[in-house]
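Consider the single chain below, provided in C-alpha coordinates and representing the form predicted on its own.
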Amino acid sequence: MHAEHDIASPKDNINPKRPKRPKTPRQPMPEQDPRRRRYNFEEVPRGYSEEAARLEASRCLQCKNAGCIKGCPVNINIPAFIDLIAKGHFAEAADKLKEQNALPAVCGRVCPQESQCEAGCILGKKGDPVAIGRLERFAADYARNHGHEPPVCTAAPTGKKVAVVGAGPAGITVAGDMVRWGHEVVMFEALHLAGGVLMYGIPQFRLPKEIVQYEINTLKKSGVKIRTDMAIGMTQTVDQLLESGFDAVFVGTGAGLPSFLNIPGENAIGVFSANEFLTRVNLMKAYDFPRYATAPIRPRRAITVGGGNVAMDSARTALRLGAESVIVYRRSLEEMPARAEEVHHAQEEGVEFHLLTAPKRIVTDDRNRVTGMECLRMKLGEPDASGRRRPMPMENSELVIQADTIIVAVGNQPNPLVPRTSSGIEVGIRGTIVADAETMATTKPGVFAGGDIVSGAATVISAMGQGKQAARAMHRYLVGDEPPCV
(Lines give C-alpha, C1' and ligand atoms only; values in the text may rest on other atoms or scores of the structure.)
Protein backbone atom coordinates (compact mmCIF):
# COMPACT_ATOMS: atom_id res chain seq x y z
CA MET A 1 0.00 0.00 0.00
CA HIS A 2 2.70 2.47 1.02
CA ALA A 3 5.83 0.78 -0.23
CA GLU A 4 8.02 3.84 0.29
CA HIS A 5 7.89 3.36 4.07
CA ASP A 6 9.78 0.76 6.06
CA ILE A 7 7.97 -1.50 8.48
CA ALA A 8 7.12 0.44 11.62
CA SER A 9 8.65 -0.91 14.82
CA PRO A 10 8.94 0.31 18.41
CA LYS A 11 12.67 0.65 17.73
CA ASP A 12 12.14 2.82 14.69
CA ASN A 13 12.63 6.56 14.89
CA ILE A 14 8.96 7.44 15.22
CA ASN A 15 6.98 8.95 18.02
CA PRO A 16 6.16 6.04 20.37
CA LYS A 17 3.44 7.98 22.16
CA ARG A 18 -0.14 7.70 21.08
CA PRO A 19 -1.36 10.96 19.59
CA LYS A 20 -3.82 12.84 21.73
CA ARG A 21 -7.33 11.72 20.97
CA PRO A 22 -8.87 14.38 18.77
CA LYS A 23 -12.55 15.09 18.88
CA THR A 24 -13.05 13.87 15.38
CA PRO A 25 -15.65 11.84 13.55
CA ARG A 26 -15.10 8.34 12.27
CA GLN A 27 -12.68 8.50 9.36
CA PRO A 28 -14.25 7.80 5.96
CA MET A 29 -12.80 5.14 3.71
CA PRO A 30 -11.82 6.38 0.24
CA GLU A 31 -13.78 4.55 -2.47
CA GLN A 32 -13.68 4.15 -6.22
CA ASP A 33 -16.16 6.43 -7.98
CA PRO A 34 -19.42 4.50 -8.59
CA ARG A 35 -19.69 5.94 -12.10
CA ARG A 36 -16.44 4.14 -12.93
CA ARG A 37 -16.55 1.05 -10.73
CA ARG A 38 -19.84 -0.24 -12.16
CA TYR A 39 -17.82 -1.09 -15.26
CA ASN A 40 -14.92 -2.89 -13.58
CA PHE A 41 -14.14 -5.52 -10.94
CA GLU A 42 -11.53 -3.48 -9.08
CA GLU A 43 -11.89 -3.33 -5.31
CA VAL A 44 -14.35 -0.63 -4.25
CA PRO A 45 -12.91 0.63 -0.90
CA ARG A 46 -9.35 1.89 -1.28
CA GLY A 47 -8.14 1.50 2.30
CA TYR A 48 -6.89 3.96 4.88
CA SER A 49 -3.72 5.99 4.54
CA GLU A 50 -1.29 5.74 7.46
CA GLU A 51 -2.40 9.15 8.68
CA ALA A 52 -6.11 8.27 8.52
CA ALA A 53 -5.48 4.93 10.24
CA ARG A 54 -3.65 6.56 13.16
CA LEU A 55 -6.32 9.20 13.47
CA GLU A 56 -9.11 6.61 13.49
CA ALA A 57 -7.20 4.43 15.95
CA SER A 58 -6.78 7.38 18.29
CA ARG A 59 -10.56 7.43 18.76
CA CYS A 60 -10.40 4.14 20.69
CA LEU A 61 -11.05 4.63 24.41
CA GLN A 62 -8.99 1.54 25.37
CA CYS A 63 -11.79 0.18 27.56
CA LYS A 64 -10.68 -2.21 30.29
CA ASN A 65 -13.83 -4.29 29.90
CA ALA A 66 -13.86 -4.14 26.10
CA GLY A 67 -17.22 -4.94 24.59
CA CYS A 68 -15.62 -5.19 21.15
CA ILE A 69 -13.69 -8.33 22.17
CA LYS A 70 -16.88 -9.97 23.42
CA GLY A 71 -18.45 -9.37 20.02
CA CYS A 72 -15.59 -11.01 18.11
CA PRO A 73 -16.07 -14.74 17.37
CA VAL A 74 -12.31 -15.34 17.50
CA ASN A 75 -11.63 -13.06 20.51
CA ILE A 76 -9.08 -10.71 18.93
CA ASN A 77 -7.48 -8.34 21.45
CA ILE A 78 -8.96 -5.38 19.61
CA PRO A 79 -7.85 -2.53 21.91
CA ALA A 80 -4.26 -3.83 21.79
CA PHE A 81 -3.96 -3.93 18.00
CA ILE A 82 -5.68 -0.55 17.66
CA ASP A 83 -3.32 0.97 20.25
CA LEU A 84 -0.35 -0.23 18.19
CA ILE A 85 -1.78 1.44 15.08
CA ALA A 86 -2.33 4.68 16.99
CA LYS A 87 1.34 4.62 18.00
CA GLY A 88 2.46 3.95 14.42
CA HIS A 89 3.51 0.34 15.00
CA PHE A 90 1.64 -1.06 12.06
CA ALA A 91 3.47 -4.36 11.56
CA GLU A 92 3.16 -5.16 15.27
CA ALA A 93 -0.56 -4.47 15.00
CA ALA A 94 -0.75 -7.11 12.26
CA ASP A 95 1.17 -9.53 14.48
CA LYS A 96 -1.31 -8.95 17.29
CA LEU A 97 -4.20 -9.69 14.91
CA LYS A 98 -2.55 -12.87 13.67
CA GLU A 99 -2.39 -14.24 17.21
CA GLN A 100 -6.12 -14.97 16.99
CA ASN A 101 -7.14 -14.42 13.38
CA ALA A 102 -5.60 -16.34 10.49
CA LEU A 103 -7.25 -14.07 7.88
CA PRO A 104 -7.29 -10.43 9.05
CA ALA A 105 -7.09 -8.98 5.53
CA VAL A 106 -10.14 -11.05 4.60
CA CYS A 107 -12.15 -10.36 7.75
CA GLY A 108 -11.39 -6.65 7.54
CA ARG A 109 -13.15 -6.65 4.17
CA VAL A 110 -16.09 -9.03 4.39
CA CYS A 111 -17.07 -9.48 8.05
CA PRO A 112 -20.18 -7.71 9.41
CA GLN A 113 -18.31 -5.70 12.03
CA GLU A 114 -21.32 -3.46 12.55
CA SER A 115 -23.21 -6.36 14.17
CA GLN A 116 -20.23 -7.95 15.92
CA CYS A 117 -17.15 -6.17 17.31
CA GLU A 118 -18.26 -2.63 16.45
CA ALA A 119 -21.66 -3.27 18.03
CA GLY A 120 -19.88 -3.53 21.38
CA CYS A 121 -17.87 -0.30 20.99
CA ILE A 122 -18.82 2.23 23.68
CA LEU A 123 -18.45 5.11 21.22
CA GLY A 124 -21.31 3.63 19.24
CA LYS A 125 -23.74 4.31 22.08
CA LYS A 126 -23.86 8.02 21.28
CA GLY A 127 -22.13 8.24 17.93
CA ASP A 128 -20.07 6.21 15.49
CA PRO A 129 -18.05 3.25 16.77
CA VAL A 130 -14.36 2.90 16.04
CA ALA A 131 -13.90 1.52 12.50
CA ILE A 132 -12.44 -1.76 13.75
CA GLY A 133 -12.83 -3.61 10.46
CA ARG A 134 -11.15 -0.87 8.45
CA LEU A 135 -8.24 -0.77 10.89
CA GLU A 136 -7.93 -4.56 10.74
CA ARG A 137 -7.73 -4.36 6.97
CA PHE A 138 -5.17 -1.55 7.15
CA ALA A 139 -2.81 -3.45 9.46
CA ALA A 140 -3.04 -6.69 7.47
CA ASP A 141 -2.51 -4.89 4.14
CA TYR A 142 0.44 -2.97 5.55
CA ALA A 143 2.19 -6.15 6.66
CA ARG A 144 1.53 -7.92 3.37
CA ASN A 145 2.64 -4.98 1.22
CA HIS A 146 5.85 -4.63 3.22
CA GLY A 147 6.73 -8.33 3.18
CA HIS A 148 6.33 -8.62 6.93
CA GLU A 149 5.61 -12.08 8.28
CA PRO A 150 4.50 -12.50 11.89
CA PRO A 151 6.56 -14.55 14.34
CA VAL A 152 5.15 -18.06 14.52
CA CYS A 153 5.02 -20.32 17.55
CA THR A 154 5.82 -23.82 16.32
CA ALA A 155 5.85 -26.93 18.46
CA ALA A 156 7.84 -30.13 18.11
CA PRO A 157 6.31 -32.74 15.78
CA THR A 158 3.69 -34.90 17.47
CA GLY A 159 3.70 -37.67 14.88
CA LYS A 160 -0.05 -37.20 14.40
CA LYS A 161 -1.64 -36.69 10.99
CA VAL A 162 -4.74 -34.55 10.41
CA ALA A 163 -6.99 -34.29 7.36
CA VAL A 164 -8.88 -31.04 6.73
CA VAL A 165 -11.74 -31.48 4.29
CA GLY A 166 -12.63 -28.17 2.65
CA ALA A 167 -10.23 -25.25 2.24
CA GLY A 168 -12.60 -22.46 3.25
CA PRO A 169 -12.40 -20.15 6.29
CA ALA A 170 -13.02 -22.88 8.89
CA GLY A 171 -10.60 -25.31 7.27
CA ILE A 172 -7.88 -22.67 6.84
CA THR A 173 -8.16 -21.79 10.54
CA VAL A 174 -7.92 -25.42 11.65
CA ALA A 175 -4.99 -26.16 9.34
CA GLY A 176 -3.05 -23.10 10.50
CA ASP A 177 -3.45 -23.94 14.18
CA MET A 178 -2.81 -27.66 13.88
CA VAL A 179 0.38 -27.32 11.83
CA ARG A 180 1.96 -24.90 14.30
CA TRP A 181 1.06 -27.25 17.14
CA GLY A 182 3.22 -29.92 15.58
CA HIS A 183 0.77 -32.03 13.58
CA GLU A 184 1.12 -33.06 9.96
CA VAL A 185 -1.78 -31.44 8.07
CA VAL A 186 -3.22 -32.27 4.66
CA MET A 187 -6.07 -30.18 3.23
CA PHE A 188 -8.44 -31.55 0.59
CA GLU A 189 -10.23 -29.12 -1.73
CA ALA A 190 -12.76 -30.10 -4.41
CA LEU A 191 -11.93 -27.23 -6.76
CA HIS A 192 -8.58 -26.40 -8.31
CA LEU A 193 -7.60 -23.62 -5.90
CA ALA A 194 -7.90 -23.51 -2.11
CA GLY A 195 -9.99 -20.79 -0.49
CA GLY A 196 -13.55 -22.09 -0.68
CA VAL A 197 -16.18 -19.36 -0.56
CA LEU A 198 -13.42 -16.73 -0.31
CA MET A 199 -12.20 -17.66 -3.79
CA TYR A 200 -15.38 -18.70 -5.54
CA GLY A 201 -18.30 -17.14 -3.71
CA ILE A 202 -17.27 -13.53 -3.06
CA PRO A 203 -16.68 -11.17 -6.01
CA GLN A 204 -13.30 -9.69 -6.83
CA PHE A 205 -14.53 -6.13 -6.19
CA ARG A 206 -15.23 -7.08 -2.57
CA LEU A 207 -12.39 -9.52 -1.89
CA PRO A 208 -9.47 -9.63 -4.35
CA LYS A 209 -8.30 -13.18 -5.09
CA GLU A 210 -4.65 -12.29 -4.64
CA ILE A 211 -5.31 -11.57 -0.96
CA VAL A 212 -6.85 -15.00 -0.46
CA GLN A 213 -4.01 -16.74 -2.27
CA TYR A 214 -1.45 -14.83 -0.21
CA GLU A 215 -2.97 -16.39 2.91
CA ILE A 216 -3.08 -19.82 1.25
CA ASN A 217 0.61 -19.51 0.37
CA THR A 218 1.36 -18.60 3.98
CA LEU A 219 -0.31 -21.87 5.00
CA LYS A 220 1.80 -23.80 2.50
CA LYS A 221 5.01 -22.21 3.78
CA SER A 222 4.08 -23.27 7.31
CA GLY A 223 4.01 -26.88 6.16
CA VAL A 224 0.35 -27.53 5.29
CA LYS A 225 -0.04 -29.79 2.26
CA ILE A 226 -2.96 -28.90 0.00
CA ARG A 227 -4.47 -31.42 -2.39
CA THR A 228 -6.87 -29.78 -4.85
CA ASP A 229 -9.36 -31.39 -7.25
CA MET A 230 -10.18 -33.85 -4.46
CA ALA A 231 -13.88 -34.06 -3.62
CA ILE A 232 -13.99 -36.06 -0.41
CA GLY A 233 -17.11 -38.19 -0.58
CA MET A 234 -16.39 -39.03 -4.22
CA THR A 235 -12.67 -39.66 -4.66
CA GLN A 236 -12.33 -40.88 -1.07
CA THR A 237 -14.58 -40.98 1.97
CA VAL A 238 -13.91 -39.81 5.51
CA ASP A 239 -13.86 -43.47 6.55
CA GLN A 240 -11.12 -44.15 4.04
CA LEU A 241 -9.10 -41.17 5.28
CA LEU A 242 -9.18 -42.56 8.80
CA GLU A 243 -8.27 -46.02 7.54
CA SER A 244 -5.34 -44.68 5.49
CA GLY A 245 -3.38 -43.19 8.38
CA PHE A 246 -5.08 -39.95 9.40
CA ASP A 247 -5.56 -39.72 13.17
CA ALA A 248 -8.31 -37.06 13.00
CA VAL A 249 -10.45 -35.39 10.35
CA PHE A 250 -11.99 -31.92 10.27
CA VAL A 251 -14.96 -31.40 7.95
CA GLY A 252 -15.49 -27.82 6.76
CA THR A 253 -17.30 -28.31 3.46
CA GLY A 254 -19.64 -25.36 3.85
CA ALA A 255 -23.13 -24.67 2.56
CA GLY A 256 -22.85 -25.21 -1.16
CA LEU A 257 -26.31 -26.56 -1.94
CA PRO A 258 -28.47 -23.67 -3.20
CA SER A 259 -32.09 -23.09 -2.24
CA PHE A 260 -34.66 -22.21 -4.90
CA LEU A 261 -38.02 -20.45 -5.07
CA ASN A 262 -40.19 -23.43 -6.04
CA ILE A 263 -42.30 -21.37 -8.45
CA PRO A 264 -43.45 -22.19 -11.99
CA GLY A 265 -40.84 -21.68 -14.70
CA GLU A 266 -37.82 -22.11 -12.45
CA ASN A 267 -36.34 -24.71 -14.81
CA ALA A 268 -36.22 -22.20 -17.68
CA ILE A 269 -33.09 -21.33 -19.63
CA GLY A 270 -31.59 -18.25 -17.98
CA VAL A 271 -32.30 -19.17 -14.34
CA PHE A 272 -29.23 -19.50 -12.11
CA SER A 273 -28.64 -20.00 -8.43
CA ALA A 274 -26.43 -17.25 -7.02
CA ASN A 275 -24.01 -19.99 -6.00
CA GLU A 276 -23.61 -21.17 -9.61
CA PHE A 277 -23.53 -17.66 -11.05
CA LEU A 278 -20.84 -16.29 -8.72
CA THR A 279 -18.77 -19.48 -8.85
CA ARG A 280 -18.76 -19.44 -12.65
CA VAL A 281 -17.68 -15.80 -12.78
CA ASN A 282 -14.87 -16.42 -10.28
CA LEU A 283 -13.80 -19.81 -11.60
CA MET A 284 -13.62 -18.56 -15.20
CA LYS A 285 -11.89 -15.32 -14.14
CA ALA A 286 -14.51 -13.19 -15.85
CA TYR A 287 -13.51 -10.41 -13.46
CA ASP A 288 -10.13 -10.15 -15.22
CA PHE A 289 -11.36 -8.69 -18.51
CA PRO A 290 -9.97 -8.22 -21.15
CA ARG A 291 -7.22 -10.71 -20.26
CA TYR A 292 -9.93 -13.36 -19.80
CA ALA A 293 -12.97 -12.82 -22.03
CA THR A 294 -14.74 -15.64 -20.22
CA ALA A 295 -17.99 -14.27 -18.81
CA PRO A 296 -20.32 -17.27 -18.33
CA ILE A 297 -23.27 -15.18 -19.54
CA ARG A 298 -23.86 -11.72 -20.99
CA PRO A 299 -27.22 -10.74 -19.50
CA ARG A 300 -29.05 -7.74 -20.88
CA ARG A 301 -31.45 -7.37 -17.95
CA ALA A 302 -30.95 -9.50 -14.84
CA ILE A 303 -33.22 -9.92 -11.82
CA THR A 304 -31.64 -11.06 -8.55
CA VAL A 305 -34.12 -12.40 -6.02
CA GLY A 306 -33.11 -11.91 -2.37
CA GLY A 307 -31.91 -9.31 0.09
CA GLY A 308 -28.73 -10.68 1.64
CA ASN A 309 -25.06 -10.05 0.92
CA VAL A 310 -25.05 -12.79 -1.73
CA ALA A 311 -27.91 -11.04 -3.51
CA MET A 312 -25.96 -7.76 -3.48
CA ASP A 313 -22.88 -9.58 -4.79
CA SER A 314 -24.91 -11.18 -7.58
CA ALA A 315 -26.70 -8.01 -8.64
CA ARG A 316 -23.49 -5.98 -8.66
CA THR A 317 -21.69 -8.71 -10.60
CA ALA A 318 -24.46 -8.83 -13.21
CA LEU A 319 -24.16 -5.05 -13.55
CA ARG A 320 -20.45 -5.38 -14.27
CA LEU A 321 -21.15 -7.99 -16.93
CA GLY A 322 -23.19 -5.38 -18.78
CA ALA A 323 -26.72 -5.95 -17.52
CA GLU A 324 -29.40 -3.64 -16.30
CA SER A 325 -29.49 -5.08 -12.80
CA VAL A 326 -32.61 -5.41 -10.65
CA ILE A 327 -33.10 -6.71 -7.11
CA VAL A 328 -36.49 -8.12 -6.13
CA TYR A 329 -37.00 -8.42 -2.36
CA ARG A 330 -40.22 -9.25 -0.57
CA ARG A 331 -39.65 -7.04 2.46
CA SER A 332 -38.65 -3.40 2.90
CA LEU A 333 -35.18 -1.89 3.01
CA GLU A 334 -35.24 -1.89 6.83
CA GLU A 335 -35.67 -5.69 6.95
CA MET A 336 -32.99 -6.39 4.35
CA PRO A 337 -30.31 -8.63 5.94
CA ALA A 338 -27.43 -7.46 3.73
CA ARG A 339 -24.81 -5.16 5.23
CA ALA A 340 -25.83 -1.52 4.93
CA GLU A 341 -22.54 -0.78 3.16
CA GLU A 342 -23.25 -3.37 0.46
CA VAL A 343 -26.79 -2.06 -0.10
CA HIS A 344 -25.44 1.49 -0.33
CA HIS A 345 -22.79 0.44 -2.86
CA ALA A 346 -25.40 -1.33 -4.99
CA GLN A 347 -27.65 1.73 -4.97
CA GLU A 348 -24.74 4.04 -5.84
CA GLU A 349 -23.81 1.85 -8.80
CA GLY A 350 -27.30 1.94 -10.26
CA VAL A 351 -28.85 -1.37 -9.21
CA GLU A 352 -32.64 -0.99 -9.35
CA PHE A 353 -34.51 -2.11 -6.21
CA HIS A 354 -38.06 -3.53 -6.29
CA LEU A 355 -38.92 -3.76 -2.59
CA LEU A 356 -42.04 -5.35 -1.09
CA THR A 357 -42.17 -7.49 -4.21
CA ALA A 358 -42.29 -11.30 -4.30
CA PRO A 359 -41.81 -13.66 -7.26
CA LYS A 360 -44.90 -15.56 -8.41
CA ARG A 361 -43.72 -17.24 -11.61
CA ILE A 362 -41.00 -16.98 -14.23
CA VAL A 363 -42.24 -15.93 -17.66
CA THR A 364 -40.74 -17.69 -20.68
CA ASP A 365 -40.99 -17.73 -24.48
CA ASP A 366 -41.84 -20.73 -26.67
CA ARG A 367 -38.21 -21.94 -26.40
CA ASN A 368 -38.37 -21.97 -22.58
CA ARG A 369 -36.08 -18.96 -22.32
CA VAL A 370 -36.61 -16.36 -19.59
CA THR A 371 -38.39 -13.20 -20.68
CA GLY A 372 -39.39 -11.87 -17.28
CA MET A 373 -40.80 -12.59 -13.86
CA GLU A 374 -44.36 -12.13 -12.65
CA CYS A 375 -44.42 -10.73 -9.13
CA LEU A 376 -46.85 -9.73 -6.41
CA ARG A 377 -46.76 -6.53 -4.41
CA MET A 378 -46.46 -7.17 -0.69
CA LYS A 379 -47.30 -5.41 2.56
CA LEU A 380 -45.75 -6.04 5.97
CA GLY A 381 -47.73 -7.75 8.71
CA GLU A 382 -46.77 -8.86 12.20
CA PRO A 383 -43.20 -10.01 13.01
CA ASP A 384 -42.38 -13.65 12.24
CA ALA A 385 -39.91 -15.99 13.97
CA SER A 386 -36.97 -13.97 12.63
CA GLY A 387 -38.26 -10.82 14.34
CA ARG A 388 -38.88 -9.15 11.01
CA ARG A 389 -42.35 -8.17 9.86
CA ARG A 390 -43.93 -10.90 7.76
CA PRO A 391 -44.56 -10.01 4.08
CA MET A 392 -48.15 -10.57 2.97
CA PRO A 393 -49.38 -10.48 -0.64
CA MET A 394 -51.70 -7.70 -1.80
CA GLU A 395 -54.69 -8.78 -3.86
CA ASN A 396 -54.68 -8.06 -7.61
CA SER A 397 -51.20 -6.55 -7.45
CA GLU A 398 -49.49 -8.68 -10.11
CA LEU A 399 -46.81 -7.08 -12.27
CA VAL A 400 -44.28 -8.44 -14.76
CA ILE A 401 -40.64 -7.30 -14.64
CA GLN A 402 -38.83 -7.88 -17.92
CA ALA A 403 -35.55 -9.84 -17.81
CA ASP A 404 -33.54 -12.44 -19.69
CA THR A 405 -31.70 -13.72 -16.61
CA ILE A 406 -32.94 -14.67 -13.12
CA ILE A 407 -30.45 -15.15 -10.26
CA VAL A 408 -31.88 -16.82 -7.16
CA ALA A 409 -30.12 -15.69 -3.96
CA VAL A 410 -32.40 -16.94 -1.21
CA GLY A 411 -29.90 -18.97 0.79
CA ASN A 412 -27.84 -22.15 0.71
CA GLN A 413 -28.05 -25.48 2.47
CA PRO A 414 -25.20 -27.59 3.85
CA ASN A 415 -23.20 -29.63 1.35
CA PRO A 416 -24.54 -33.19 1.80
CA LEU A 417 -21.67 -35.10 0.14
CA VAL A 418 -19.52 -35.91 3.18
CA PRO A 419 -22.22 -36.91 5.67
CA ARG A 420 -23.99 -39.01 3.02
CA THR A 421 -20.86 -41.03 2.32
CA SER A 422 -19.51 -41.38 5.85
CA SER A 423 -20.79 -43.80 8.45
CA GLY A 424 -21.57 -42.62 11.96
CA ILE A 425 -21.87 -38.87 11.32
CA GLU A 426 -25.23 -37.68 12.63
CA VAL A 427 -27.06 -35.06 10.58
CA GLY A 428 -29.74 -32.66 11.82
CA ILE A 429 -33.13 -32.01 10.27
CA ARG A 430 -31.73 -29.20 8.09
CA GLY A 431 -28.87 -31.29 6.76
CA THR A 432 -26.24 -29.81 9.07
CA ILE A 433 -23.71 -32.07 10.77
CA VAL A 434 -24.43 -32.44 14.48
CA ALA A 435 -21.40 -31.28 16.47
CA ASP A 436 -20.73 -30.51 20.11
CA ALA A 437 -21.07 -26.76 20.72
CA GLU A 438 -17.79 -26.56 22.66
CA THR A 439 -15.49 -29.08 20.96
CA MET A 440 -17.10 -29.30 17.48
CA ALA A 441 -16.74 -33.09 17.76
CA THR A 442 -19.20 -35.06 15.63
CA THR A 443 -20.84 -38.34 16.59
CA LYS A 444 -18.03 -40.20 14.79
CA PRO A 445 -14.86 -40.60 16.92
CA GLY A 446 -11.94 -38.62 15.54
CA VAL A 447 -14.11 -36.51 13.24
CA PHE A 448 -14.77 -32.84 13.95
CA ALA A 449 -16.70 -30.28 11.93
CA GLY A 450 -17.29 -26.53 11.81
CA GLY A 451 -18.46 -23.61 9.73
CA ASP A 452 -21.53 -23.60 7.51
CA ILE A 453 -21.73 -27.41 7.39
CA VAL A 454 -22.59 -27.22 11.11
CA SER A 455 -24.27 -23.82 11.56
CA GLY A 456 -25.88 -23.39 8.16
CA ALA A 457 -24.93 -20.41 5.99
CA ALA A 458 -23.31 -17.82 8.26
CA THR A 459 -20.32 -15.44 8.29
CA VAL A 460 -16.64 -15.98 7.53
CA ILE A 461 -15.61 -15.01 11.05
CA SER A 462 -18.14 -17.31 12.75
CA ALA A 463 -16.78 -20.21 10.68
CA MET A 464 -13.28 -19.28 11.79
CA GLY A 465 -14.43 -19.14 15.40
CA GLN A 466 -15.74 -22.70 15.15
CA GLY A 467 -12.51 -23.70 13.44
CA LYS A 468 -10.51 -22.44 16.43
CA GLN A 469 -12.75 -24.37 18.83
CA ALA A 470 -12.35 -27.51 16.76
CA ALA A 471 -8.56 -27.18 16.49
CA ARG A 472 -8.11 -26.96 20.27
CA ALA A 473 -10.38 -29.96 20.83
CA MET A 474 -8.63 -31.96 18.09
CA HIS A 475 -5.26 -31.27 19.69
CA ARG A 476 -6.56 -32.48 23.05
CA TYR A 477 -8.02 -35.56 21.36
CA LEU A 478 -4.70 -36.37 19.68
CA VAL A 479 -2.21 -35.71 22.48
CA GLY A 480 -4.32 -35.41 25.63
CA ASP A 481 -3.12 -31.91 26.50
CA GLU A 482 -3.76 -28.23 25.77
CA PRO A 483 -2.09 -26.65 22.72
CA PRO A 484 1.49 -25.50 23.40
CA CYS A 485 0.81 -22.01 22.10
CA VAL A 486 -2.32 -20.08 21.17
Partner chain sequence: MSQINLTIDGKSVAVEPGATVLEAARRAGVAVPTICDHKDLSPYGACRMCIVEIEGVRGFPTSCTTPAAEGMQVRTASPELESLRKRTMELMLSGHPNSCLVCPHREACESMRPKATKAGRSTRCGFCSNKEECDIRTMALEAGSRDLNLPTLYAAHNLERGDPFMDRDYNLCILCARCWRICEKIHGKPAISIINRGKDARVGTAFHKSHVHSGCTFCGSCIDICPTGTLTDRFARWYGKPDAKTPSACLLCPEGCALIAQTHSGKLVAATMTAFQSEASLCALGRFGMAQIVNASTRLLRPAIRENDEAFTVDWDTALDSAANGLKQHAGRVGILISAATTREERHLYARLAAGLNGRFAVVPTLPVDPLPAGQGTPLPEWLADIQSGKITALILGGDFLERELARSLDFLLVIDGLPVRVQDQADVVLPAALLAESAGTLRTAAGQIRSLARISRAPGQAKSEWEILRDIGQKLDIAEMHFDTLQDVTAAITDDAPPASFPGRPRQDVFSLPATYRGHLLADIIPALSAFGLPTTYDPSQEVQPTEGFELLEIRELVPNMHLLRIHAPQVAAHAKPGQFVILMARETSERAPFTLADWDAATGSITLIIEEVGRSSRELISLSQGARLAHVSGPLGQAFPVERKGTVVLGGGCYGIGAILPLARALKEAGNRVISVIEGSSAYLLYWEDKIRAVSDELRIATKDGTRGTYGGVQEVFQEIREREEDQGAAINMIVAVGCTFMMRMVSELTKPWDVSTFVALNPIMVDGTGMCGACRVSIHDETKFACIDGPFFDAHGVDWDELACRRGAYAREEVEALPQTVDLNTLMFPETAKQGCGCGG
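Keep in mind the model is a prediction, meaning the values are calculated, not measured. Positions refer to the first chain, counted from 1.
If you look for the form predicted in complex with its partner chain, you will not find it shown, but the lines that follow are about it.
With the partner omitted from this view, the residue of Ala293, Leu399, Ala340, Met394 that lies near its partner chain in the predicted complex is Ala293 [heavy atom within 4.5 Å]. Note on contacts: among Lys225, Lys221, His192, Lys379, the single residue with a heavy atom within 4.5 Å of its partner chain in the predicted complex is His192. In summary, the region of this chain contacting its partner chain in the predicted complex, judged by heavy atoms within 4.5 Å and restricted to 76-84, 363-371, 92-100, 152-160, corresponds to 363-371.
Although the partner is absent from this view, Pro416 contacts its partner chain in the predicted complex, with a non-hydrogen atom inside 4.5 angstroms. Although the partner is absent from this view, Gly256 contacts its partner chain in the predicted complex, with a non-hydrogen atom inside 4.5 angstroms. Its partner chain in the predicted complex comes within 4.5 Å of a heavy atom belonging to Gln32. At the 4.5 Å threshold, heavy atoms of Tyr214 stay clear of its partner chain in the predicted complex, well away from it. For the partner-free chain shown, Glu266, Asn267, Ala268, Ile269, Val271, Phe272, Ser273, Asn275, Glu276, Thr279, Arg280, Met284, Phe289, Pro290, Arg291, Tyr292, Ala293, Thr294, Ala295, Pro296, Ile297 of 262-297 come within 4.5 angstroms of its partner chain in the predicted complex, judged by any non-hydrogen atom. Relative to this form, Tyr287 and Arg298 approach one another in the predicted complex, with their C-alpha atoms ending up at least 3 Å closer. Note: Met230-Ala293 Cα separation is 3 Å or more shorter in the predicted complex than here.
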